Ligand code: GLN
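Below sits a lone chain in structure tokens, taken as the form predicted alone.
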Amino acid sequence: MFRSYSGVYREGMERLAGAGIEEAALDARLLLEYVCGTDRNTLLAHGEREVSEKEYERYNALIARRTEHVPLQHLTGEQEFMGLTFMVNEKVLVPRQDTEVLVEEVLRNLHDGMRILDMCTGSGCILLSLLQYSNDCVGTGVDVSAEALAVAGENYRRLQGQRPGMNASLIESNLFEGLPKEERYEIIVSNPPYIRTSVIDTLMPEVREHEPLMALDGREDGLHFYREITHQAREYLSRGGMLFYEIGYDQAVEVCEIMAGEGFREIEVVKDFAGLDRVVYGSWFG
């Protein structure tokens, strides 16, 4: 039976829309491109292309999983971030565009040869992006989850193949517990868990049911990890070193107060592409 590319796409889009998937048209197209090894121009210029029976069966299987709100990135196994492709799975947060604001802000203050600590590294997307776009920097990624670090390690190996000089180490640790006391960094960056526990059940099912709870839950007020990291970061920053956070849109005042209370100075808030508070950073002078 002949099935056209455009016809199969419309079929997938209608199934996703019927399941309440917000980006039904986009997801249907991306999954078809993933299965067929095509690009976005195929639908526009070659909609009459035949979809083989094997491709059709695989596409239908993926569409079925997407109707169950399995994240698109878990189906394809990857996500673009800062112009790089990162492996992802259910053990790590899917890298988001908001977090690019954090990386870009760090890059504005990052100089060659600096030492970077990425606390709660997850997929490693923050740390590895910083190392990709800098020279001679040394990075350390820390996470309490061995499974998350396995993903970060695979991403490191992939990017190191493109840039052999990349220098990172990955450490399984509950925050700073596993770090040598003598270590000092010019930059500490973190996208910690910051969702209030009471809010987690209200998140979209792609997040609530398929992303790791430990990477989401910021305890009762969402600020637990900002307090813990800020207090301990002072011992690991060199004089003049900087601490950068991604924050929830309504947490800027509280995170600024936490940092000021621990002695950080020159504290700034940066907005994301939607005009919402997204990054807080400050300097440590001892």
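Computed from a prediction, not measured in an experiment: that's the story for all the values here. One rule holds for the numbers: they count along the sequence shown, beginning at 1.
The same protein also has a form predicted in complex with the named molecule, omitted here; what follows describes it.
Shown alone, this chain has one stretch from 80 to 88, 124 to 132, 212 to 220, 161 to 169 that lies within 4.5 Å of the named molecule in the model of the complex by heavy atoms: 212 to 220. Pro71 falls outside the set of residues with a heavy atom inside 4.5 Å of the named molecule in the model of the complex.
Taking non-hydrogen atoms only, Val207 approaches the named molecule to within 4.5 angstroms in the model of the complex. Although the partner is absent from this view, Arg184 stays clear of the named molecule in the model of the complex, with no non-hydrogen atom inside 4.5 angstroms. Taking the partner from the other structure, the named molecule in the model of the complex has no heavy atom within 4.5 Å of any heavy atom of Tyr156. The partner is absent here; in the model of the complex, the one residue of Leu179, Cys137, Val151, Leu93 having a heavy atom within 4.5 Å of the named molecule is Leu93. The contact residue chosen from Ile195, Val101, Ile116, Leu175 relative to the named molecule in the model of the complex is Ile195, the criterion being a non-hydrogen atom within 4.5 angstroms.
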